[in-house]
Structure formats: C-alpha cells, structure tokens
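Given next, in structure tokens, is a single chain: the form predicted alone.
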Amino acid sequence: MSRETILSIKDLHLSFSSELGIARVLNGISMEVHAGQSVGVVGESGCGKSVTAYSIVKLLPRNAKITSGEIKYTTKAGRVVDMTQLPNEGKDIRSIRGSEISMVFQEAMSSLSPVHTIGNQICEAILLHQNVNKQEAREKAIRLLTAVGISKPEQRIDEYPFQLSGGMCQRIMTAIALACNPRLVIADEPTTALDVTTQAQVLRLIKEMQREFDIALILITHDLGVVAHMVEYMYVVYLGQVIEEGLVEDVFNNPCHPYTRDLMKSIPRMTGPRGTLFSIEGTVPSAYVIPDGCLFHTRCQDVVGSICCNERPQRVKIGEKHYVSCFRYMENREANDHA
C-alpha cells in the first residue's frame, strides 16, 4: 500500500543576491517525502542540500528569493500548504515550524542558546504549540530527555549547554525536535564535529525515534556510509539539482550518473590493494556562473558529446523506483519514462 505524500518539492529555483551578483543556488530541485519514510539527501558541500532544508521551513536570509517552483506540505489536519507562498515570519509559518516540521541542526553546541537552560529551550516549543501549563511542559521535557537517553534528566533539565558534551547536546537537539510530535524531521548533518562513537549513538537514536514515533525523516549528509544504514530512499544532489534518485539498495548497487559513480569511488575501502584515495577532479562550479547544459559536464569523464554542454538532461526512469538525469540514458527515455 502506497503511503501518503506529505512533502512535494517541484522544480524549485532559489537565488541569493549580493554585491557580486546573483547566486543561483537551487536550479530546479524536485523531491518527495511520504509519511513515515526516511529519505537521504547527499552531495558535496556547496550543492544546495542545506538550503533546500531551510527553504522547506522558510529559514532563509533576507537576500534569498524563491524565483519559481513549489513546496507543498500536507499538515496533520490534511491541509495542503504551499510553503513558498508563506512569509518567512508570521503566524502561519510559526504554526508549522516545530509543531509540523522540526529540524535537528548541525553543530548543536552552536545551535543551542548558551544563556538558557536545557529545560527552557525544550519547554519553549511545548508551551508555544500545546495547551499545557509550565509544570506539564517541564514533565514532558523530562520524559523527552529520558527517551533520548539523557541520564539524570531531572538534574540535566536545569543545566546549561556548556555543562554537557557534544553528544549530549545533539541528543538535546533531538529532544527539542520531537517536543511537539512533528510529522517531519529534517536532520541537517546531525553528526558534524562528533567523534565516531558518538556519531553512531546519535544516528542510532534518530533512527529509533523515527520508527517509534512514525516520523518522516530527511537526512542531509555527505557521508554515503550514513545514508546506506539510515534511509530507504536517497536523492543525489549536484549544484542545486537532483541528478539521481532511487531506493538506497538500487543506487548503491547500480549507480548510473557519472557523479554518483564517482561519489561511490570516493568511499575508503577496508579491503583490496593499497593506493591513493579517489577524488573527483575539479570543484563544484560557482553558483554565480552556472554552466550551460548538464550541470556536471565540466567535471564529467563520460561526456556523450556536445549535447552535454548545451542541453539540460531530463529525468529518466531506469528502474522501478530509480531515476537519473543523464544523456547516456536518454535514448530509452520514451520506453522507460512512465511510472
């Protein structure tokens, strides 16, 4: 049985204006998230992963502008909202942030307020979105701290972030994200600056919480190993556009886009002959000067011909739930492009 689509992003374009000009950060990104589904968004730094997340909840700077496209979100009550039409501030967006869609930001030590207690920061969201008094909010906050594995929650709730480790702060961030029973949680590189052991603990916690509360999850990361163990569906993003998507096992077993294949080659191997780690030649082009044609053609080792430099490839279906945007697969488009 198919699950309800709760988030649908279609052909989203977003740019930043500055003294240097217009930076086109998102260039037609499209993706879907279904109820209870775990989705991974991967790609190099500077490819627009975090900006996509911030666009969903309208946490955008003043110089950002959504020029076209839509972000349709279906609320718990069944109301469909186009997030692109909501102002960045105001009653409408505040009713969705935290209550419907929550975020776990990277670098929790920087995201938490250093001058407010842990309890204050968790209770704030509860009091804002739920009809409870301060004592009831505090009791729920303690239950949340217990759920995310914080020892001595009755004591920790009155402490400040600087009194806790990085791993504990990331657990606090998870508790804040879950405080109002959201329908969708966006985790933006939640293991940044954590040691390997703590990373594993935090990721395990997020996965357990997602399953327990039946929450849809968007996990943003550049770590393909994390994606392999955490999500069921993945989007590979390059320069603000999805260039390949599919079930995790399909993309890992049969990476089709040259960029995806190169990302896979970049994963360090525990077996096989020793050698230099593979890296993709060149860098992600500047968002101020977007290349014509396929966005990856300036670094691609499998260019088909001049068409790659002059035209933008279309999304082609190559498997039951596997899609790629590459001219190498365009010849079979008409036969395979029907869902």
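Residue numbers run from 1 along the displayed sequence. No experiment lies behind these values; they were computed from the predicted model shown.
From this point on, the text means the form predicted together with a small molecule, which you will not see here.
Put simply, of 45, 310, 283, 67 only one has a heavy atom within 4.5 Å of the small molecule in the predicted bound form, and it is 45. Checked against the small molecule in the predicted bound form, the residues 250, 262, 189, 100 give one hit for a heavy atom within 4.5 Å, which is 189. The closest non-hydrogen atom of residue 16 lies within 4.5 Å of the small molecule in the predicted bound form. Proximity of residue 326 to the small molecule in the predicted bound form falls outside the 4.5 Å heavy atom cutoff.
Contact annotation: residue 316 falls outside 4.5 Å of the small molecule in the predicted bound form, judged by heavy atom distances. Remark: residue 50 counts among the residues lining the small molecule in the predicted bound form, judged by a heavy atom distance of 4.5 Å or less.
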